[in-house]
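One chain comes next, on its own, written as structure tokens: the form predicted on its own.
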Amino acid sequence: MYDFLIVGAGLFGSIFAHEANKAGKRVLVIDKRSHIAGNIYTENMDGIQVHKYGAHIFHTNNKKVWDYVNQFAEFNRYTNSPVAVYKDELYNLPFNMNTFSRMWGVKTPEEAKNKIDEQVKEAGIKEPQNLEEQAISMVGKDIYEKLIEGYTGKQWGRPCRELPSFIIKRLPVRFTYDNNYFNDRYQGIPTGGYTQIIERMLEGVEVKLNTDFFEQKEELMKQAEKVVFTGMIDEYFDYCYGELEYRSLRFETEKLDVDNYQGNAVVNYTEYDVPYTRIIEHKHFEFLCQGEKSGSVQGTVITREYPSDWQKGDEPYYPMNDNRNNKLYAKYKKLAEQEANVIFGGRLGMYKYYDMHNVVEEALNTVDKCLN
């Protein structure tokens, strides 16, 4: 019946479905959740677009990717500028001159660099072997202990000295007074939320929700010439080499009878003893606490984000890309390459930490290979 069965109505699967449908292919999209859009799903709660699965800020340097997503929605000028709370202290993120000034009382880049160099020299780190050593070699011991160690330990469920160094390399370090988290040229959030983007991508495409691929695997695969699979690659192969590791998340969302709870969209809590990693206040994503929009929506919605160990049945949010898991994934990837009629994509299908722009780029590249 179908040219493509697409397992997962998230960003990767929806882009593939949209392009395949445009090319005249017969497409069926299924998802085990009760809604489309995967982890970028947003829901309107009393006039506030709530990011149900954590904050999602679109950013990219790739104009092709930026132009592609902008055909489905208008993006606002939101700039990601989180702040971090450590005990009774407040710091700007990413690490920049505002952070260094608050931490040490310095005013110039030279003073900040000298302070970091002094702490790196004291630590005696020549070649960083893990995240702890990498972080100290980047920003010194003070910032590591207050802003990285506890937060990262909570996020990944392991001490920083047991985590690979590449995780921290994603964090920008600037010697300017610039609180913009990302270095990318293009950045924003779709006015009206992300769900509308996926709705427009899937116009004219048959979609079945509340449908678990593994409960009907043989039957579903018989209905299509090819399968695009965006779930967990190890689950597809029935964990034949063992389970890959993931990190999961738990969200607590509540409506509060105040107009502005924390003054920022994202506030990180870096102490290990605080069980959540951050609080998201969704109004700030669309500037509903500013200017003429202030007071236009009564109350506010916040979400506390709790990292957790992943077990079968939980939502897998983050692949654990350490050496052991990457070696295990390599074995599954070899199996995947032998599946002539199955395409594996997305964060779970490719077992890789992808931001949204990476997913868009990978999906478009996959479309080019498969349809052109």
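Numbering starts at 1 and follows the sequence shown. Given the structure is predicted, the values throughout are model-derived calculations rather than measurements.
Another form exists, predicted in complex with a small molecule; not displayed. Remarks below refer to it.
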item	value
Per-stretch contact check against the small molecule in the predicted bound form, the hit in 69-77, 238-246, 289-297, 208-216 (non-hydrogen atom, 4.5 angstroms)	208-216
Site check Arg33, Gly54 and Asp355: each within 4.5 Å of the small molecule in the predicted bound form by heavy atom	yes
Among the candidates Thr303, Asn321, Asn62, Asn39, the residue which, in the predicted bound form, approaches the small molecule to within 4.5 Å (heavy atoms)	Asn39
Heavy atom of His282 within 4.5 Å of the small molecule in the predicted bound form	no
is_contact(Gly140, the small molecule) in the predicted bound form, heavy atom dist at most 4.5 Å	no
4.5 angstroms heavy atom contact with the small molecule in the predicted bound form for Phe12	yes
Exercise: Gly231 in contact with the small molecule in the predicted bound form, heavy atom 4.5 Å	yes
